[in-house]
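Take a look at this single chain, the form predicted alone, given in C-alpha cells.
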C-alpha cells in the first residue's frame, strides 16, 4: 500500500476484513488478564505464544500503536512509552547501555539537552555537541562517539542536517544512529530507510495530532526493541491503554494532516518575509534557508508544520503580537490541528543561559510556530493583523 493508505490501516493486524471485528478498536483498560492453565500463562509470559497477562508488560491498545508506528517507519518492532522524553531516554539506553560519548547537534530540543546534561552526564555519559551542518566537525566527533543523536528537523529553528551523509559516516565506524523524527513524521521522512538504527517520536505531537495525550515511541530491530521493552517494563514507563487508543485514532488522519500542515507552514513562511518587524524567517524549504539544498533532497514532499521567525523588538514585541491574535494561541507544545506559537526563551530552551541561546541563534525575539490545518488565508491574515501592531 501507499503510505497514505498505511496510515489509515496500520496496526489492525490484518483483521479489518474479518466479520464481526469492530472497525474502531475496543479500548482494553484491564491491568491484568486471567488464566486457568499454568502452562498457558507460562508460555505467554515467556513470549512463546501471543497474549497479555499484565498491563506493564503488554496491552492490546499499546501493541496496536507500536505495530502501527513500526509499519509506517519500516521497522520490525516498536515500544510505546508514557512520553516522548521517556522514549528518548529508553532509546539512548538501548543503543548505549554503558556510559559513552553521545555526538549530537548543538541545536537540540531543550528537554533533550537537559536529559543529556542533568541525567546522563552525571551517570558517566558525555555529550559532544557539534554543528551538524559542518560535516568535518561531525566526522571528527565520530572518532570518539558511541552514539549519534540527530533530529530530522531541529527545534526550534528548523534546520535540516544531512542525514544521509551523517548516517553513512556512522555506518563506516559502526556507530549507531538515533533519529528524532517528530517534526517530519514518517509521512515526509523514514530515517531507517537511510540506515538509521532507531527512530523515536514524541507521539504527543504530530502522530497523536490533537493536543490531548502524552506519549512517545521508538522503533527499530526486533533485538533492540526487545531489550528496550524489558527495560521499559522494569522502570515502569509503558504507555497506558487510553493514550494508546487516542494516539492510534489520531494516526488514522496523519497523512492528510501532515500535508496540510506542510503546505500551510510554507505559505505562512513566505508571507512573513514581508511582514512588518520580522527580521528573519526560519523554514527549511525557503530558498534563502541554509538548509534548502539538503531539505529539498531529504524532504522533497514537505517538511511538516514547523517554522520560526525573529521579531524585532524582542520580548515586548512578542507580547504585543500575542495580544492582537484572534486565531493563533500561545502553547508550549506543538503538532496539533490548531496554529500555535511558543516562545523558546521561556519554554523549550528556558534551561539554557542567554549566551547559550544566542550561540544557537535563539534570541529574545525568536518565536516558534506550529502551523495548523486551518485555511491558510486565515492563518496569514491573523499574523499580518498581529504584527501590524507589534
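Positions refer to the first chain, counted from 1. Computed from a predicted structure; not experimentally measured.
The same protein also exists as the form predicted together with a small molecule; that form is not shown, yet it is the one meant from here on.
- Proximity to the small molecule in the predicted bound form, taken as heavy atoms within 4.5 Å, picks out 182 to 190 from the listed stretches 296 to 304, 182 to 190, 164 to 172, 114 to 122.
- Though the partner is left out of this view, residue 208 does not reach within 4.5 Å of the small molecule in the predicted bound form, counting heavy atoms only.
- Put simply, residue 101 is far from the small molecule in the predicted bound form: not one heavy atom of it is within 4.5 Å.
- Proximity of residue 95 to the small molecule in the predicted bound form: non-hydrogen atoms within 4.5 Å are absent; the residue sits far from the partner.
- Mapping the unseen interface onto this chain, residue 232 falls outside it, with no heavy atom inside 4.5 Å of the small molecule in the predicted bound form.
- Proximity to the small molecule in the predicted bound form, defined as a heavy atom within 4.5 Å, singles out one entry of 334, 70, 328, 362, which is 334.
- Note on the partner interface in the predicted bound form: the residue among 197, 83, 289, 262 having a heavy atom within 4.5 angstroms of the small molecule is 83.
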